[in-house]
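Here you get one chain, nothing else, as structure tokens; it is the form predicted alone.
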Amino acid sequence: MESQITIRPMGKTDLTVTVPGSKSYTHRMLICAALADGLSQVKNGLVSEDTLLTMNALNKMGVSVRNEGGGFWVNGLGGSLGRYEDPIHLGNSGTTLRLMCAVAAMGVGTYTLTGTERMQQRPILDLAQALEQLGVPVETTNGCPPIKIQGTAVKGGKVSINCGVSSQYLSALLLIAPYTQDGMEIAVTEGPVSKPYIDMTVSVMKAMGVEIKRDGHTWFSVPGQSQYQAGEYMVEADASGASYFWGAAAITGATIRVAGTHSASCQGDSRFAYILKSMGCRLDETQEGLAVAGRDLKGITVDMGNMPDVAPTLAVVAAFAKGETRIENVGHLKAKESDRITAVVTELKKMGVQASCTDDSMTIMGGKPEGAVIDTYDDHRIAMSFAVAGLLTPGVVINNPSCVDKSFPNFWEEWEKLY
């Protein structure tokens, strides 16, 4: 792919688009299927840079996982894993690294999980300390990857964990809890941020045959010596990917339906459509999927703590709204693939937009953005969010467009349908 893409004006006024399967669901289902005993099919699973990193990591740990026919086939080993002594490189997939840390704890020998330079700046200490409470020997590098994990027969028991930076720490523990000897009782001491992702983890575990007791998002109990059931599982459409098309509708006045999206989804990002409604858009739940129709937009103040991945999309939409938009409780964006708070505000300013930030918020004053060359910081969310702006503002050029391969490999092909 070329090193830049120039966004063209929106041409269509009413259309239905298709997005891939949910990245978050795909990661979780692949891991549960790998721990199950027998062959599973994960249908409509997202095939992207991140999910292939999870597939490859599982393969290196002895589980046969292959991508074939629009999904994944996983031959689970009932919780058994193989030895792998070389470092396992996980790119900049924070989800893969965090979830696989817990999986590695159940293995044999020492596993070293590492990634890109940016990955080696992303925190992992809270999860490492929780694993140590469970008797798993762990070494980090100043609280970040590379991380070394000594596989062991995890006994389980009571564990406390700080999830103020990432809900994935909790998801990681939950996913392996059925395979501990005594089960696991987990108390969350801070957070969790991004609560819907915890609900998603629990829903996958239940769908695959494991029962969980819980008290909201702060206490969980999972029985030990149980296991996931092999079978056929379907991944729903990715709400994070849908956000860019809903955002496109919001600023251009078009009507865009995203096939397979629905309001009952556990994906927190599906609520983004309702945020656009609060800004003035029309929202309809159709047979095909959630449809957003753009209207005159007004600025809002909104807590995005439970849907941080779509905060950049909202920031770009806010640049076209009347008045001020304040996006709050998003401090965890600073530990993503890039420091998304700083990245979004920097690029909006390039477009002549009044934007500012604190460590956990962004403030955007709507107006008439100007064309600019957008740096993407090797971050898929930045690239796709600012593509929205180019549909209405001439002269928006996206650098390093191939970074979308991380979560939405055919994004630009689908985007072309808007022209």
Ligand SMILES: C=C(OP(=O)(O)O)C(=O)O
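The structure displayed is predicted, hence computed values, not measured ones. Don't overthink the numbering: it's just position in the shown sequence, from 1.
Form predicted together with this ligand: not shown, discussed below.
(request) Please overlay the site onto where this ligand binds in the predicted bound form and tell me whether the pocket on the shown chain stays open or is blocked (3 or more ligand atoms within 2.4 angstroms of backbone or C-beta atoms). (result) After superposition, this ligand sits free of the main chain and C-betas, so open.
- Item | Close approach of Lys336 to this ligand in the predicted bound form, 4.5 Å, heavy atom | Yes.
- Item | Exercise: Glu347 in contact with this ligand in the predicted bound form, heavy atom 4.5 Å | No.
* To do: Using the partner position in the predicted bound form, report whether Arg257 sits within 4.5 Å of this ligand, counting heavy atoms only.
  => Answer no; every heavy atom of Arg257 is more than 4.5 Å from this ligand in the predicted bound form.
inquiry  = Taking this ligand as it sits in the predicted bound form, is Thr252 in contact with it (heavy atom to heavy atom, 4.5 Å or less)?
reply    = No, Thr252 is distant from the partner.
Partner-facing stretch of 389 to 397, 374 to 382, 357 to 365, 38 to 46, counted where any non-hydrogen atom is within 4.5 angstroms of this ligand in the predicted bound form: Careful reading of the contacts points to 374 to 382.
*Which residues, if any, of 286 to 325 lie within 4.5 Å of this ligand in the predicted bound form when only heavy atoms count?*
The one in contact is Asp309.
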